[in-house]
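Just the one chain here, the form predicted alone, laid out as structure tokens.
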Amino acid sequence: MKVWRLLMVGIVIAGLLAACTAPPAGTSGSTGKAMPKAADGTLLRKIQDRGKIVVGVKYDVPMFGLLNPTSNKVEGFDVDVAKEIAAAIFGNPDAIEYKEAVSKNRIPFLQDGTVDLVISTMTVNAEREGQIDFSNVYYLAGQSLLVPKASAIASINDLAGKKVGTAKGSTSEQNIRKMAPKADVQLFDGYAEAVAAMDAGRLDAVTTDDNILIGFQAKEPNKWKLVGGQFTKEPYGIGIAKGHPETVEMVNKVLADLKKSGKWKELYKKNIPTTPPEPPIDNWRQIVGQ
């Protein structure tokens, strides 16, 4: 009996020690297995040694990157993709430091090392590929128009002389200037600011990718409507500074796994209030016909 008591005491002590030394919830030990160490001198190894990845995301775009004022956490599809990448690297989806990356500072943030990745509703195109590298396509959007419910604007053909808001440094700015040359284009740091200006009567329309506009319309359906359909194709890629092929390869593997496993559709359903399409093909040039 004495031996039995000693054995039981030993088991209890061992259990207490295990509880004290177990990694806390949210660390790689409890959520998954970290990937092997990358080669010395690479960006991926730098990220691993730091113990977190620094990701630029939007803070003002519903469904993709929106700062929740209650939790003070950024939420959305782009954020969830970032978590999948962190989980692949560290075994921990929360090993991320977020930085707000509006359209005009996304590429500079990568070039100066402020962030490791930009996952910020960023369209891939040839001009941007000359400045940074991109992952394969992870989302496909199309530019559209958000207008007040009572507006007579029905398409980009109705924008002559109208004040149209969009974000500085965005492909939406380039597209609207080219496709509606007689519109009075007004530039803002972010789309929430542009929608607020329209709410105040200073704009007739806001233009950007339809998925972004759907988020604003869904929040205030009695105020806004989407018109004009998709008049462009906007393949989104994850931005990475030039010269880091190992990081591009790692990100592309995560995206391939998301698309193949069905997790991509799960993230879509979680964040976007429409029926999930099939995941986009990888090559942006095939999407836009280049």
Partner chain sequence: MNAESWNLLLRIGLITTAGLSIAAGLISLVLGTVIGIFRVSPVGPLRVLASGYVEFFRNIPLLICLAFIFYGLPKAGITFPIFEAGVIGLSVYTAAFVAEVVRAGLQSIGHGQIEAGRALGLSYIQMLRLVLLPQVFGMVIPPLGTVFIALVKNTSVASAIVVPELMYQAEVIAGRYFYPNVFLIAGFMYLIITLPLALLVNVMEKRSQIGHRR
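Everything quoted here is computed from the prediction, not taken from an experiment. Residue numbers count along the first chain shown, from 1.
Although it is not shown, the form predicted in complex with the partner chain is what the next lines describe.
J.: Looking at 106 to 114, 195 to 203, 80 to 88, 153 to 161, which lies within 4.5 angstroms of the partner chain in the predicted bound form, counting heavy atoms?
T.: Checking each option against the 4.5 Å cut-off leaves 195 to 203.
J.: Consider the chain as shown here, without its partner, and state which of 174, 125, 136, 217 has a heavy atom within 4.5 Å of the partner chain in the predicted bound form.
T.: None of the other options qualify; the answer is 174.
J.: Just to be sure I understand the contacts: of 93, 169, 142, 148, which is the one whose heavy atoms reach within 4.5 angstroms of the partner chain in the predicted bound form?
T.: By the 4.5 Å heavy-atom cutoff, the listed residue in contact is 169.
J.: Do residue 179 and the partner chain share at least one heavy atom pair within 4.5 Å in the predicted bound form?
T.: Heavy-atom contact with the partner chain at 4.5 Å: absent for residue 179.
J.: Can you check whether residue 189 is within 4.5 Å of the partner chain in the predicted bound form, heavy atom basis?
T.: Looking in the predicted bound form, residue contacts with the partner chain include residue 189, since a heavy atom lies within 4.5 Å.
J.: Within 4.5 Å of the partner chain in the predicted bound form, which residues of 57 to 90 have a heavy atom? Give them in sequence order, or say none.
T.: The stretch 57 to 90, when checked against the partner chain in the predicted bound form, contributes no residue at the 4.5 Å heavy-atom cut-off.
J.: Would one find the Cα atoms of residue 197 and residue 109 closer or farther in the predicted bound form than in this form, where their distance changes by 3 Å or more?
T.: Note: Cα gap between residue 197 and residue 109 widens in the predicted bound form.
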